[in-house]
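The chain below stands alone and is given in structure tokens; this is the form predicted alone.
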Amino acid sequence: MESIQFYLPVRIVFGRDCVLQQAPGLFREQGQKALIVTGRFSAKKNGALDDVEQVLKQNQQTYVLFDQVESNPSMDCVYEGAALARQVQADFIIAIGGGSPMDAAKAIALLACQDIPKAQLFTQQPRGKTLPLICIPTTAGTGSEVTQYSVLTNDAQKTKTSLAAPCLFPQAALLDGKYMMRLPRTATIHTALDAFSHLVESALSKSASVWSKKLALKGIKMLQPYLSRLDASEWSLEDRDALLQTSLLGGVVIAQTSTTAVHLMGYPLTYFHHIDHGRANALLLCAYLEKVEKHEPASIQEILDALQLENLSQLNSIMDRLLGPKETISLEEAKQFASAAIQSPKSQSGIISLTQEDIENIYCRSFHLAFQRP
């Protein structure tokens, strides 16, 4: 009998106006003063910040706003946020936004309680006390509201690096599709493709269990009616809720399995070419699936069945249309990125083993470069 572990200590609340209806009690449980962590603009436009401030005022709780989180948060950002949390003696943190604010908030919650030098942040396993964290996602992509990962820009390594530990799990996640009604078309596409990548990568992970794989394939089936029309100009509230549910499932399953080489390969595209994280994954995904299919065709067929597609060529056509013109990378960059990627254990986390040549070939196929064998 297969040994199965499944750990998800996050209280999930999903529904219309759940912040206004459920947050009062959740916020009161955490203490008197909150640090709100978010970006500069989106939370103020989509109504999420207004709802959080209304609840805190209703509870007679105080709060301080830290709205300096940039896309792909830096170490400087999270150390600044942590210093503010200590200065104002915050009891808990509320993260509002997409993956960047939520990932930043996890690191801030850790650093507010522990004095970890910058030089040791990515080498020291996070453990011990963190500030309680409640996440309110305003995009449907990362699933960070239910994971133990905090992905930050690592300038020393010229890539993005994950902090990963059970202590980084949020206490609760409040999900409401209404906060995404004004999400731009491009952001809708890229974040949904990030969720799609999470679901697919988890299904193809060495660490997948019977439970996690069933949930991953269920998430892919839920996304199937929306995948080909992610570039639609209008979305109903029900559509937004559905995308948010698939993103949530993507987070749930990668919390069990982590991601694969696709994410690892996408990080330098974001670091060096400023390509959105979800887009970077999507640019690489089909070439990766083609490689897996050569060795594990049954696993790819399960994904195709969930998508109601006959072959990977059909999926590739959908992705090409959604992604539009691709960015340009050089053959030399493909070689450099592959050389760096093969050093990471995550390069071998999928159900097939990859060589440096395999990774380079995936880059080349994804960006139509002339692959040169050594």
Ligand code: NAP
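Start at 1 with the first residue shown and count on from there. None of the values given here were measured: they were computed from a predicted structure.
Just so it is clear, the following notes concern the form predicted in complex with this ligand, a form of the same protein that is not shown.
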Item to complete: State the residue from P170, G266, G99, G219 whose non-hydrogen atoms include one within 4.5 Å of this ligand in the model of the complex.
Response: G99
Practice prompt. Using heavy atoms only and a 4.5 Å cut-off, determine which of I300, L121, L215, L183 is in contact with this ligand in the model of the complex.
Written response: L183
Discussion item. Although the partner isn't part of this model, could you tell me whether Y179 comes within 4.5 Å of this ligand in the model of the complex, counting any heavy atom of the residue?
Written reply: yes
Discussion item. Since only the chain is shown here, I'm wondering whether I93 would be in contact with this ligand in the model of the complex (any heavy atom pair within 4.5 Å).
Written reply: no
Fill in: Residue contact check: Y149 to this ligand in the model of the complex, 4.5 Å heavy atom
yes
Practice prompt. Report yes if any heavy atom of S42 sits within 4.5 Å of a heavy atom of this ligand in the model of the complex; otherwise report no.
Written response: yes
Worksheet entry | Per-stretch contact check against this ligand in the model of the complex, the hit in 287-295, 109-117, 227-235, 192-200 (non-hydrogen atom, 4.5 angstroms) | 192-200
